[in-house]
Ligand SMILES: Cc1ncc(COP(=O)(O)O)c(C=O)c1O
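Form predicted alone, single chain, as structure tokens, below.
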């Protein structure tokens, strides 16, 4: 079967081979991973995924926001093969590709960010950013936000904004010196106010109450995502982000922006913070930086980055020549194929389409997003706004049955559908995905 031919469901879902493989998962792996639909991937090309039974699905996950240029892009496959035949890992011995990538990251980010530290995972970047903030400022408090997700290592969990539920429950106590503050989740405002009439009251609450009560006045950094992915694709108002930047400057603290999910065109700009007109001191990058193999980066100001002394911090696989070369090629593809603009245009189409669905489906409470990352919040009914994680899971399953892959529902209440196709997706393919979601919403709404 030609995977480029589009959606093809050839067998009952899930098939016998899929069930056998999933039995191995149940037997030999812990239950820690997400409860995805029963699809065992065999191969993927562009915006399509083929399972072990030969079924072909349209992918609205990008493998959790990784495959920005599409799955197995031929140019990436070519350099992967070439580099695998040369050298893959050399610890922190310098290589041409690592240094070329560091230079490229400095060139495409704001002028004040002039050093790049290559790592392996997003959590490594946030952990390193926290360490550097404390080292540079001589202060120890880190302000993060309700709902935030910055990784699964202990430091990253400690600055995360949800301390109960899967992924965090039972792991405490967490690291001291972390201060949590409200994030502008406008659909579910904890202060029962409405934007824009509220004038971002949630930010005033941070200044007037959270910091006076929780801080000793020793704030090293504020850390925020461009949009809160794990909390349900929650996007803050423009003025909220600008106020946060101003507050960080007033407190002589660093502003860390976590763009592990948002960077490299996902939001319709090369970097998500560009929408807000703010400039970070430290920038965390990952996922779409390679569209494939594991690599992440912390890009920052030399005055901060150069606090690290030789031998004080490195990463076994960080910046290896294999992944660095792939990242360089990936960034070139994004630029040359104008995928950022495609994401912007796709976002305009999705905005119109999802708002039309919002007007018709009683279980669709809110839609929010930019570029090719959106969240659809599923509720029992629009009036009560009661979260419905059960219906959300049902919709993901029904979409799978129709040939559309989405990841398991996300959000603080587990009731948000995450929409994140590869940036290379066409308008026709977006339309196909919308039609399937529309049908799944209709069926779930009747049950």
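This one's a predicted model, so the numbers in the text were calculated from it and none came from an experiment. Numbering follows the first chain given and starts at 1.
Keep in mind that the form predicted together with this ligand is missing from the display, and what follows is about it.
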Practice problem: Scan 181, 334, 248, 260 and let me know which has any heavy atom within 4.5 Å of this ligand in the predicted complex. | Solution: 260
Exercise. Taking 4.5 Å between heavy atoms as the contact cutoff, choose which of 123, 367, 105, 76 touches this ligand in the predicted complex.
Key: 123
Quiz item: Okay, which stretch from 314 to 322, 143 to 151, 109 to 117, 94 to 102 lines this ligand in the predicted complex, with non-hydrogen atoms inside 4.5 Å?
Solution: 143 to 151
Quiz item: Could you tell me if residue 287 has a non-hydrogen atom within 4.5 Å of this ligand in the predicted complex?
Solution: yes
Quiz item: Considering only 197 to 225, what residues come within 4.5 Å of this ligand in the predicted complex, judged by heavy atoms?
Solution: 225
